[in-house]
Each structure stands twice: as structure tokens, then as C-alpha cells.
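Coming up, as C-alpha cells: structure 1 and structure 2, two forms of one and the same protein chain.
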Structure 1
């Protein structure tokens, strides 16, 4: 019994009658199938992903073109064979011939498996490009700092695309363009070190953050205790217990006001920043619920605002590190000592830990080895140094990335005002109205929080519900925290 496999061409002498063209046709069909599958998945996905689109419209078409190339290459090769007097390639399959049967079964099974793998692979590739692992590791080795801090942050279970892309056609297109350039930058080593922030084309926070964080639900106060250790031989503890006035915007749920006054419905706060990091803000315009407009500015600001970008304040102006937080050495060491991961009884341990963390290292390995050798040299006969070394090394690997020049010093954190100006970018007492009669409230600790207790030991048990004046360890100081505190030694 003879069975002839008909190639794509109807003419039995067609140059497309060869195995190479036949394989090319199968590859092209598989690629077309993968394209259609990815196209449907991308269209039905809740969040649009630029990398899925790159895979769909750039990756898969590459295989389609490859299959078409094989299809025509087989025809070209067959034409050359015939020009040399070699007869047409036979595609006859004799099912009575064991060799021909094996060839046919192998080809058919291989084609079916190829199409199945194409479907499964395309689906898994779609899911993988939606994952944090893909964004942080596969295409973005450059994103190691962002991936590490994301995994240790409060949004570790939120996928990158949910904040960086979100819903909607316009931002879908913008993310495609941005993602394509990022791939080019990574491929040709054109990316900056560190990655600059804030991201100028990031989607407005109210279209992403407020998918989960409903402003009307911000109600009441939060009780927080911040533990510190002083840089002296005994690492003297000092804690501050605060009542943070989170406030709210729904009068049916509680008092309206507090820290979130800036984002109350009806209130609009606009500002001009004169630096890319938005740390220098000389001009502020406030429009309240009644429509009253008040402009505050520093005395030295005389620029023509018509030529400057005016930004409307949103969540990201204070919560500018919602997922990628780099702990400063001071904060990280304080936290580790409060949790007894570093024994506070070790003399000068806070000072020494911060010293080894803030030295300049070229690589992670160099940092790890130097931290171990330096602390061992400082505490040669202290068994507690082993745990201290492991903790300090972990702090470094979680918050310092020498290859990308990324650390706490690269990225201002605007929540609070300890080591970065934060609130005091505007609330510094220097922003006044044109007639200098009104000033943005400044230097009022009770405006945003109430100090319930401070100090160490029994002092923390003496609560003052009405609040108390801040007592600076070592003596009174009326200046800004940032005058002395920079996160390091």
C-alpha cells in the first residue's frame, strides 16, 4: 500500500515538495497559533502588560518569519537540486515499509507535540511575564534593587504591573513604549545607575493606589512606638511613642482632617519643584473646598510660573517609596537591636555596625567579607559578634546594591522628616503668602502627631494623653532633624 503525502503545492513537481518546506510550514502554523492565543490572552487580561505585547508582536512573529523562511529556503534548495540534474525529492510514504512508517509517525507525532508545546509554552510565557520574577530577574537584572526591596516591602504580594501599568488603553500604549525602550537600554547597557526617581511617566496614584486604598476609609489615629539607640559606648536606648493623626475625609466615620488633609475631597494642593527629586519646593498653591485659593512661596522664589511645571499633590508625594524602601543604616541597625538580632549590650555596637555598613564597597562579596573581618577585629573575644555579623551582612544585602549605586542615600523617603526633609519641604516656616501674613504651619509637633511617652524604661509607662513636648536626647534642640540625622553615622 502506497500513500503519498501531498505538499502545499498542487503540482506534483512543485519545488515546495520537500521536507524542509514542510517543516517550515509546521513551524509557521505553530507560531501563528501562538500569536492568536497570546493575542486573545492579552486582550482578556485584567491588567495590560507591555512585555506580553513585546512577546506577542515581536517574539512570536520571529518564529513565524523563521518558519516562512524555511518554507521558501526548502523551495530554493530544491530548485538548485533540480538545476544540477537531481530529480525531485520524493515524499512518497510506503506504509508497508517499516522505515517509511516510522518516518511518518515520527513527523506526525513531532508536529502534534510541537503544536501542544507551543500552546502550553505561550500560555506559561504569558503568565510568567505577568510575574514579579520576570520584572525583577529575567529581563531586568538591572532591577535587582527594586526586586529585593519589593519582596521585603508592604506590597510584596502585589504584582509590578498592577501599579506600573494598571487598566486602560492609553496607559497600556504608554507602557508598551516605555517597556520597549527599557529592553533596549538593558540589552545595550544604556541604563543609569541608580535608576532615577520619581518616574516621570508613572500613572497617577489615584488610578492605581486607590484601587485598594480607599481615601474615605482613612479614619482616626495610629499608635506607634519608634525605638532608637544612641551612638555611645552603652548604646543607650531611647524610644518615642506617638499617636499619629492619620485623620479622615468622611465626616460620617470620624473627624475630618489630620495628615490626610492634603488629599481630602474638595482640597487641591499644587506645587512647583525645582529639582528632579522633588525635594526643593519653593511654591505651593492651596484651593480649599469653598474654592478659596492661597499661594505660598519662599522669599527667594520670583520665577514666572507660567514657564514651570505645576504638579497636583497626590499619595506619591509623601508615600513616594510605597514598595521599594531602602532602610538607612541608622534605622536598620536600630530595628535589629530592638529585636535583639544585634545584642545592644555589645559596647559601641551601633556605631561600629553603621561604620561597616557605610564604607564604600565595589561588590556584594567585598562588602560581606569586609563586614565580617572589621567586626571580628573590633570584637575578637566576643561570642556575640557572630550573630551581629550575620545580621549586618543581611542588612547590607537587603538595602545596599553597589553595582547599581543604589541605597538609602540615593532615594529620598518623604514619609516623616527624620533623615530627609519630607514634610518640611513645605512645612518649614519659610513658605508665606505674598503679603507675608500667612505661613504654612511649621515646627508644630502636635499638628500631625502627639507624643504620648518618650525616653527609656519607666518613662515609657508614663503616658500623657494630651501630649508632651519632644525631649531631644542629650539636650534641647530646636532645629530640623535633618540638620544632624542623615541616616548614617
Structure 2
């Protein structure tokens, strides 16, 4: 064979023919290959995530640029060497020379292995960053609250990225930037505790939640019973059975309207919040399917709205805890007592369980030990205390995360109105039109749900299909539920 890759006479040969440029070229080609592969994987994946994007758009291009730099650096160095009259460090391969042949074969095999390893490595890195393990466990301490609550929630089998990033190309850039900031924040221990919400650049629900729950999928009512135990010596039970008017938007499947009215196709509800957590909403604008616009606001709100951020209401304005629900101690203890995991016949157990759960602890272990010793001291000769302790410890580790300051009290839950304003941010009777004639529906306890039954024992067998007046345990009250109820003691 007479093929010869041989530079012409030294001074006229290309300055790129040198080993440094050559290595640069190989690195650049490898990086380009990895980039194309990751790009295709990322684009084809149903759901993308920021970490793959970091790898694809920041990590791999780093190697590409490095390779290109070496390529030109080699040429520059070669030119200087020649200018100084040092002989060319040129790349000469003579296939007739056995040594050159061996070098070339080794090099070609090496390159193939290098490219294959790049492919396997890229693919594995891609799969890993897509997984719940990566999102939830890699930065274990930081994400422990979210991972734990996620695993106990209705979305345990939905991957983190399906809600946090979603599908398609348009969110690449945003998620890439915030993703790399997150990595930085974790690496340098700069993250806030608790992690603040609302997440400012969370993708609109239309492109995440509605991939699985589209508005036409809602229909009918949902029957839920809430069980409570009061804070007296006998832990008096009280229950309320509500028929929640979920409602719907598909007239072929049921009546149109109800709780999901806000998201009916054609309806737009917009609002202004005056605090970061979106708990204070003095101004609401509704545009219906016919284009009619109605503005509701509180009497004291006279601000110039042109300077304020207007948000369009979507699923997350009510379901802001679809996956990370931190039960309040009140709800968790009520639930455990209703299921007999904590025996409701133990005197004062509701009050005592709430007390041990709401003391300050620095770590999960400290909480666990204190819960055991405090309850044992309170019920020294009671065999039932063992189960009670185990249950309360479990409630603590599922819902309280002292290292991250995460618990029910750090994250408002906007579904409901008992311990957070929730629905009553707008449905409080204070939001009216300019002429004060129309009010956003409020005060009617059977507007959003029907009170089917309430009380204890036999009361609960008396169902009232049209709903009944609310009987507040312990007598009537004045004011919003949140004035007195906060989920804690």
C-alpha cells in the first residue's frame, strides 16, 4: 500500500499538523458526538430535566471548547516554533513504516473505544439525572422533606421532573439556568431553609398537571369525612361529612360548574397578591367565555394596578401541595386516633400528642427520644402508650423536618380554609364589584360542599342531601376559621 499521510516540505506544511492540535481535534469530535447524542435523547424524552440539560449544554460544550482551544493552541505554538527556526513538530504518518502503522492502529482503536465510552457514559448520565433517585436522594438532606412527602402522596409514582420541568423544548433554557443554580446552591451550602415557595418559575400547570388531569376530566362530587377529637379529657369525637362539589366542564358527562369552574375552558380568573406567599389577594378579575369582564376587590384596595404583577389562576393556586403535603399535627393525630393507632380512650391523649409534636427539636433523633420519654412519663402504667409512642414518632418523621425547617407551618396549603386562608382568600365576602353590588360567593357553607352529616355517633347516620347548617363544636363562633385554627395547639 502506498498511502502516505505525509506533510509536504516543512515550511509550507499546515501549522495544524502537530500532536497538540491533533489531540484537541479528537477531544472536540468526541464532545460533539456526546453532545449530539445527549441532545437527541433530551429532545426525544417525554419529560426533560435541568440536570441533563446542564450536562448537555454546559458540561459537554466545555470539552468541545477545550478541544477547539487545544487545536488552535497547537497551531499557534507550532508557528512560533517555526518562526524560531525549530524544526516542525509535525504529524507525519508513513504507512510503510511499521512503527507508524502500529501507532495509527492503536490510535484508531483508542478513538473507537473513546467514542463508545462517551456514548455509554452519556446515556447512563442521562438516565440517572432523569430518576427520582437523582432529584430526591442525591442531595438527600436538602430534598428529604420533599422526597418523603412525595413518597406518601398520591403522586408517588410520578417522577419529580414531570411536574417540575415538563415536556418540550421551550422550557429548556429556564430549567437549565435554575437547575445549575440549584447545583451551585447545594454545593456551596447556600440554600435557604425551608426552601421558599411559591417557586417563582414553576412551569404553568397547563403544561404539566394537565398532561394527566385535563379540565374535562373532572365530574361530579367527592364524598369526604373529616374526623376530629377535641382537646378535653375524653378526647370527644366530632366528625363532619362533606360532599365536595368538584364539578366539571364537559356537559356530556355531568353538570358544568362547581369547584373547577375557575379552570373551565373559556374562563380566565386573574388576581393580584400583595405578599410573596400569595396569601393576601385583594383584587380579582374574571373574564368569561363571552368576553365579559368583572373585577372584584376589597374596599381598602385602591392601588394603581398597572404597576402590579397580575397572575392567571391555575391548578397550583389551589393545589399548591399536590405532592408535598406536610400534615398539621392536628390532622395527623386526628387521623391516627380515628384509625385507632392511638387509642382515643386514653385520657387527654389528643392534647398530649399535640404537645409532644409541636415542641422544638433540632433533629429527628432528638424528637424521637423526647416523644418516647415525655409520653412514657405521662402514662407510666398504661400498656397502650407503646403504640401511641410509635405512631407519634412516625407522624413526626413523616411530616416534620427540623434540619430543613420544613413542616406544615412553613408551607401554606391552599385547598380548603380551616388553617390557611385558601379559598377564603377570595371567597370571604369582602371582594365586591366597584358598585359593591356583586360579591364573590362566600359564607354559604353549602356552596362549595354540602354538609351531609356532622357530630358524633348516631348523628352521622342522619344524612341531609340538601345540606345543613354548620354546628360548630362547643358553640357558635365569630370570624374566619383561621382566626382561631392553625393546625397546631
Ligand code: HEC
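Owing to the predicted nature of the structure, the values given are computational and were not obtained by experimental measurement. Positions refer to the first chain, counted from 1. Each form is matched to the other, and the largest set of C-alpha atoms that superpose within 1.5 Å is called the rigid core.
For the form predicted in complex with the ligand, the corresponding chain is the one labelled structure 2.
Relative to the superposed core, residue 325 undergoes a C-alpha shift smaller than 2 Å between structures 1 and 2. Once you line up the core between structures 1 and 2, the Cα of residue 219 stays within less than 2 Å of where it was.
After superposition on the rigid core, displacement of the C-alpha of residue 19 between structures 1 and 2 amounts to 2 Å or more. We note a C-alpha movement of 10.1 Å at residue 29 between structures 1 and 2, with the rigid core held in register.
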